[in-house]
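Presented as structure tokens, the chain that follows is alone, the form predicted alone.
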């Protein structure tokens, strides 16, 4: 029984990592309408900055998280103004090629910086802290990630549904030209939405630097997983992201525990889910 509960706890906590790494991409896809292949690389930059602040300046990641998120947000706004703005009305393949190019540039900058130290790790005092409750191990850092992810989902959901800028984002998402006619500055909304989406990726990178590590290529895997979660949830469905992350986290934990060689299968389950959803319900299983 303890094993089953441990699997459940591990899966729930793992879902926090998936939520926090998916939120930004969901905002970019849902509001701006761009399949941002560089999402994982912005996440990677956030992780690298977190490690630099910690190792060079001695600033704890939980303190630098706001600074890093703001810096990545500004980087996102700059990226939008310089490049993405010019391809919003282009064919989707142009958007994909552009964001893919941005991801390659960021990867290579990270490779040049890290040199032979491909894997960068920090060890804040709470990294390996855990509680043992009735034989069930609970990681402090993963619990922290889950709580922050949950707060972000609730906050973003509230903003989109109850604030002026959030309602403007939803209006632009539904009909860009209609929103423009009623006085909404669509370009400003796109700039804000993309900046925030990238800022969220940077925040996710900081949290990953605490519980895992940073490499120039860490973002690619999380980009693929984020796309799987978005497809499962349905485009623009924040509640669906929460439930999809929980389902995938628990499935991954169960496979890794109960299936021989399950760790490898747990990585592949994301792509199997993408295939099934595309064939059975391409609009997403949580999309009403």
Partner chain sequence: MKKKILSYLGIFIVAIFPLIAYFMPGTKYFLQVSIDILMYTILALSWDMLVRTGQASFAIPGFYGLGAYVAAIFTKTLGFPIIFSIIIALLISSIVAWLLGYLTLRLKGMYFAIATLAFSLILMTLVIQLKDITHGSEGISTITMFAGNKYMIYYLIFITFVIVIGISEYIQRSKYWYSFTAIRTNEQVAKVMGINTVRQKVVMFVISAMIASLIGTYETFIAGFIEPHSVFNLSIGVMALAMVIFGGIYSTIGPIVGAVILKIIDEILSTTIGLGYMIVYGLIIVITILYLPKGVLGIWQKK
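Between two forms, the rigid core is defined as the largest C-alpha subset superposing within 1.5 Å. Residue numbers count along the first chain shown, from 1. Please read all numbers here as calculations on a predicted model, not as lab measurements.
Keep in mind that the form predicted together with the partner chain is not shown, yet the notes after this line are about it.
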Every residue in 40, 59 and 164 with a non-hydrogen atom within 4.5 Å of the partner chain in the predicted bound form?
no
Position in contact with the partner chain when the complex is considered in the predicted bound form, options 52, 35, 246, 65, heavy atoms within 4.5 Å:
35
Listed residue that, although the partner chain is not shown, lies within 4.5 Å of it in the predicted bound form (heavy atoms), from 159, 151, 74, 105
105
Answer for residue 83 alone: is it within 4.5 Å of the partner chain in the predicted bound form, judged on heavy atom distances?
yes
Is there a heavy atom of residue 182 no more than 4.5 Å from a heavy atom of the partner chain in the predicted bound form?
no
Proximity of residue 240 to the partner chain in the predicted bound form, heavy atoms at 4.5 Å:
no
Hey, in the predicted bound form, does residue 155 get a heavy atom within 4.5 angstroms of the partner chain?
no
Specify the contacting stretch among 171-179, 199-207, 84-92, 185-193, defined as having any heavy atom within 4.5 Å of the partner chain in the predicted bound form.
84-92
Output the sequence-ordered list of residues from 207-231 with at least one heavy atom within 4.5 Å of the partner chain in the predicted bound form.
220, 224, 227, 228, 231
Once you line up the core, how about residue 13: does its CA shift reach 2 Å between this form and the one not shown?
no
